[in-house]
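Single chain ahead, written as structure tokens, the form predicted on its own.
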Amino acid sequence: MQSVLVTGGAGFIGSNLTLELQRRHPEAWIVVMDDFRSGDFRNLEGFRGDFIAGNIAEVDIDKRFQEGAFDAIFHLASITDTTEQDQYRQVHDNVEGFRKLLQWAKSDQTPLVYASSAAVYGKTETVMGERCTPSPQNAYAFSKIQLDHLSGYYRKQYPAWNLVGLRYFNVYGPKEAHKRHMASMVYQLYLQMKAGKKPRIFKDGEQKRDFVYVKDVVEATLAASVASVPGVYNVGSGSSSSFNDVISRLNKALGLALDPEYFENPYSFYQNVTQADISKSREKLCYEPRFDLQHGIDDYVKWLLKSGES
């Protein structure tokens, strides 16, 4: 890769991806675009490329970039706060930014990987495969389904275009602190336990999530840029772990023995289980998670203690 565009490159996943691209392709010209609604400049410490402060839904791409300017595009820009109640703002910015990018990139069919979300699956007790019927429970999830619909339309028009959507599951890892209340439960529980407090979770702590380490997510995202088969793929660990299990593993990583403090779940809608079927990703993207939950938490805690991020 000689030139790469990363939208949302100051965000959690975006910054990890950007810095890994820079490490692997030190001579490449990497352009990051971010408006900092879901990002932080500190995530890009050591970045040597170009930075554009802007919202992809508002930037005039035709004036900003020449046709065929990039060898690959990673579109991670999004309003990531799932509690955002302004439906128009949530859907408009997420969908129209992507639509504009597709219109611009279609002429030379630049390989384009974009962030979808496991949120599209909604509330279900089954393992979540790409063929499952979407069931959005909020405007954020609805917007991500529209991205998948749009990409499907363009893939039909341009079947040779390497256009790939990734449905990220419960990602955790370095450079997520700026997300605050939207950061992963792994990070939220770490903060409580590091402060010596009992970790607070809903009764009875057996709700399960497919926790996937950000380093595995970056590998899947890079693999998608050279995918042999365009489409939409799940990116998870392929297994689910309970919040009780997360606390147990954090105790081990931190050398603690804190018991959880349970409280009533105030939400009428709550996903009890998320688990990705990653068989398609394994077959078509050659994606294989390297970090199980314990190894991911161990690696993350070492980074947190070294960096002092809190």
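Numbers for residues come from their place in the sequence shown, where the first is 1. Since we're looking at a predicted model, the values are computed, not measured.
This protein has a second form, the form predicted in complex with a small molecule, left out of what is shown; the following refers to that one.
A residue is said to contact a partner when one of its heavy atoms sits within 4.5 Å of a partner heavy atom; Asn55 meets this definition for the small molecule in the predicted complex. Interface membership of Ser237, defined by any non-hydrogen atom within 4.5 Å of the small molecule in the predicted complex, is ruled out. Proximity of Ile13 to the small molecule in the predicted complex: non-hydrogen atoms within 4.5 Å are present. In the predicted complex, the small molecule sits beyond 4.5 Å of every heavy atom of Thr221. In short, of 129-137, 113-121, 200-208, 154-162 it is 113-121 that has heavy atoms within 4.5 Å of the small molecule in the predicted complex.
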